[in-house]
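Given next, in structure tokens, is a single chain: the form predicted alone.
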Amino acid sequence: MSAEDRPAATWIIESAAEVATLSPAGATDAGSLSVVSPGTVVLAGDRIAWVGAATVAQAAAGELPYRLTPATRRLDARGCTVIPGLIDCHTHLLFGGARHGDFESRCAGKSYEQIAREGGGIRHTVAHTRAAPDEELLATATRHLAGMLALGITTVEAKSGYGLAHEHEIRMLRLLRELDRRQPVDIVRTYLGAHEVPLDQPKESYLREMLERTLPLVAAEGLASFADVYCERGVYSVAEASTVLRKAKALGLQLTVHAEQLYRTGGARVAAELGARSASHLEQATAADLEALAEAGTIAVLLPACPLYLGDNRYPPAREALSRGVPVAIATDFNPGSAMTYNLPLCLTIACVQMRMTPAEALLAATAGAARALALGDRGAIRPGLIADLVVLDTPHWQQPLYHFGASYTRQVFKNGELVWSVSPRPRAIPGELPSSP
């Protein structure tokens, strides 16, 4: 390859103690985690151009498939680890108000359902979300996204569902689209109109509105990539969930389902039968449910912060799912009621300790597995050709943020090949001077 044909390196992240890569493409099992030590990652524009153990000096000599230019910037990553940008594939990011009262009631021993019957729960958040001005909702969500970015999260799925009326659900999705435009974290939008039954509209009327008015507009305007339903006792039945999801699928939306969280209702089977991309929660899923998901290729999105926060000792069946060949992703379920945290690394620790996942399985579940759950084949690993979403950790061991739970080891975050977050001064290139080897 001639020098002119080689891509120009825009960033060289070199001499990292470890670079945690994934191979082969799309693999999410623990055996697909590999570590280059020491490792260097080269970015060309918004893509990863090269990863390996070679040095900048070899590139300058023309021995590697990229070229240096006066604009090439260099980051000394000695003593650090590089991992893919984390992906939180299940959140309820946009909401108004807070539910401190729910938290106090739960600490006093009341159940999720009791709290909802007494005026708390999802409907409490619906009222506050409807009443909040657009800029207030955007400002709050922007602060949360900044906190996520500082933890190394570069892509987030975000649902509507706190509107529970046509105009409010559409408003939420449009605000999420605006939020995606305003800051660096990518937002994948999901329509979750069937999150709860509204108090101010009969259920049958609301379902008809979703099917005949809201879903067609969501699809026509491209307001969401996915449609979701909370299939749960007292909320939406299997038949109702199936009706909504079939309509969404016919309109070209991908499917995901809140399934088997508090009770086993059949939501996992609906997800499998309709070829849903993912099914979330699954605390009450049976072996037969997991077999159906495995056969359908549906990803199990497991949310360990939720049972922890609800004081429930039944965690999602990670080991059973993995043993049956179900692809697994880990997400936060960030929401103001049942999982008020966006700390995805902490959720990975919980998955290891309470769900018996290995650290490698957990990391893969928040990168490659989460990318697969969102149908994002362009990220979730460190490989040439993928989007350059990377996190530099201030530790020589990739396991450290899981082992030292609750602490942040993020030193730099690259999004689409650009340095978007750093705890240290940003390195800069000296015009006309090539980076030198250490």
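Here the structure is a predicted model, which is why all the values come from computation and not from measurement. Start at 1 and count along the sequence shown; that's the residue number.
What follows is about the form predicted together with N-(iminomethyl)-L-glutamic acid (NIG), which we do not show.
Which residue among Thr154, Thr81, Thr214, Asn335 has a heavy atom within 4.5 angstroms of N-(iminomethyl)-L-glutamic acid (NIG) in the predicted bound form?
-> Going through each option in turn, the one that passes is Asn335.
With the partner absent here, would Ile122, Tyr162 and Tyr230 each sit within 4.5 Å of N-(iminomethyl)-L-glutamic acid (NIG) in the predicted bound form, counting heavy atoms only?
-> Yes: Ile122, Tyr162 and Tyr230 each sit within 4.5 Å of N-(iminomethyl)-L-glutamic acid (NIG) in the predicted bound form.
Okay, which stretch from 363-371, 346-354, 91-99, 214-222 lines N-(iminomethyl)-L-glutamic acid (NIG) in the predicted bound form, with non-hydrogen atoms inside 4.5 Å?
-> Heavy atoms within 4.5 Å of N-(iminomethyl)-L-glutamic acid (NIG) in the predicted bound form occur in 91-99.
Report yes if any heavy atom of Tyr112 sits within 4.5 Å of a heavy atom of N-(iminomethyl)-L-glutamic acid (NIG) in the predicted bound form; otherwise report no.
-> Although N-(iminomethyl)-L-glutamic acid (NIG) is absent here, Tyr112 would touch it in the predicted bound form, with heavy atoms inside 4.5 Å.
Using the partner position in the predicted bound form, report whether Leu255 sits within 4.5 Å of N-(iminomethyl)-L-glutamic acid (NIG), counting heavy atoms only.
-> No, Leu255 sits far enough from N-(iminomethyl)-L-glutamic acid (NIG) in the predicted bound form that none of its heavy atoms falls within 4.5 Å.
Gln261 within 4.5 Å of N-(iminomethyl)-L-glutamic acid (NIG) in the predicted bound form, heavy atoms | Because a heavy atom of Gln261 falls inside 4.5 Å of N-(iminomethyl)-L-glutamic acid (NIG) in the predicted bound form, the answer is yes.
Please run the contact check for Ala285 against N-(iminomethyl)-L-glutamic acid (NIG) in the predicted bound form: heavy atoms, 4.5 angstroms, yes or no?
-> The answer is no: Ala285 has no heavy atom within 4.5 Å of N-(iminomethyl)-L-glutamic acid (NIG).
Stretch 184-220 - residues with a heavy atom within 4.5 Å of N-(iminomethyl)-L-glutamic acid (NIG) in the predicted bound form | Just His195.
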